[in-house]
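In structure tokens, the next block holds one chain alone, the form predicted alone.
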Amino acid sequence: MSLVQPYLKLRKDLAQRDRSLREKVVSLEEAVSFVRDGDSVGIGGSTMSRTPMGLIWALIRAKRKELSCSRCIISSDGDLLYGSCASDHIVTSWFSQGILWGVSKVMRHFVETGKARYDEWSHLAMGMRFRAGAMGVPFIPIRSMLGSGVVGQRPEAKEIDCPYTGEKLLLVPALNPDVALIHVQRCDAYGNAQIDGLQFMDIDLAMAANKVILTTERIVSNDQIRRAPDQTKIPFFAVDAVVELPFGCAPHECYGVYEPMMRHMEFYVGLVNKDPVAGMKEYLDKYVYGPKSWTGFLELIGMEEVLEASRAGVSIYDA
């Protein structure tokens, strides 16, 4: 009963959202006002792909605190959220600065010293938890995690005997974030968003969250959106705010637009792996708190590297 009642309230709150067709374009600073201290925040993309880094950058600058963040696979965005103390709780299936650099030393420092909490699930379980949230059900049955050591770490997951087959199944609770942060290649001013390449769990995340903030490489006309309706993955009625933010995933990648900015990532990893505390403070001071705008952050990365990443990103269409 204690689980059902809050979930019924959640569904009621979702049903009362303003789903009207209206322009939702705001500034980056205005967008983060949708996120309050203590909110649960779902992060779109996966690993270093389509990470809404601009929104995370702005949240840190706005001094948000005690955020509980969830993402299918988290990368250096998790480092920044922990290191800035914007988040004290991260839910994911894998926490690394990227495949090249292994387990995050920043995460290890914060978790092992008790400064932050890390809840590990399997890859599929994370996705299915967002799927349950999007479906409007409080849990979903899966086989993933059964027989693994992960299931023993997650008392929230419940083993049952299937009432139809008698087989063992695992029930995992739905994830319904207060706010979802998602970056897309393009959308219109109403929030109809088109995603190229892998969608990860972003569609389910958008439908599961109470509020959705989109950053986009470019805002296009509704006429252009209508010319390719099959590419519209997130509909306007799920979206609350739209921010036009070119290179909004930097230094991560956005499929078909730019590749990861690897020299900057190598610099970052070297800095924080040498000293997770002092290195993170140095990075935050220079690259997050220092610039006056997102453009200023890109200038610090270096326009040569930004343009190289852009040329490499668009070359996928020339192959």
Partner chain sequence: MTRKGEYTAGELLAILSARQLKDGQVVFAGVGIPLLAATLAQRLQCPGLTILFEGGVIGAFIEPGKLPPSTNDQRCTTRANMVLGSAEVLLLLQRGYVDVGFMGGAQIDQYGNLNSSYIGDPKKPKTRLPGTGGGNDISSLTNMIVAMKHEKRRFVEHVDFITSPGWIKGKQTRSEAGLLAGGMYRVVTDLAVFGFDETTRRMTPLALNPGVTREQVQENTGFKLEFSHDTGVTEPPTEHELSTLRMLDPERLYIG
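Because the structure is predicted, anything quoted here is derived from the model rather than measured. Numbering follows the first chain given and starts at 1.
Same protein, other form: the form predicted together with its partner chain, not shown, and the subject of what follows.
Novice: Would Leu10 sit within 4.5 Å of its partner chain in the predicted bound form, counting heavy atoms only?
Specialist: It does: once its partner chain is placed as it appears in the predicted bound form, Leu10 has a heavy atom within 4.5 Å of it.
Novice: So, Ala208 and its partner chain: in the predicted bound form, are they within 4.5 Å at any heavy atom pair?
Specialist: Yes.
Novice: Hey, in the predicted bound form, does Trp294 get a heavy atom within 4.5 angstroms of its partner chain?
Specialist: Although its partner chain is absent here, Trp294 would stay clear of it in the predicted bound form, with no heavy atoms inside 4.5 Å.
Novice: Is Val242 close enough to its partner chain in the predicted bound form to count, meaning some heavy atom within 4.5 Å?
Specialist: It does not: once its partner chain is placed as it appears in the predicted bound form, Val242 has no heavy atom within 4.5 Å of it.
Novice: Does its partner chain, in the predicted bound form, lie within 4.5 angstroms of each residue among Lys65, Val179 and Val306, using heavy atoms as the measure?
Specialist: Judged in the predicted bound form, none of Lys65, Val179 and Val306 sits within 4.5 Å of its partner chain.
Novice: Can you name the residues of 231-255 that have a non-hydrogen atom within 4.5 angstroms of its partner chain in the predicted bound form?
Specialist: Residues within 4.5 Å: Thr232, Lys233, Ile234, Pro235, Phe236, Phe237, Ala238, Glu253, Cys254, Tyr255.
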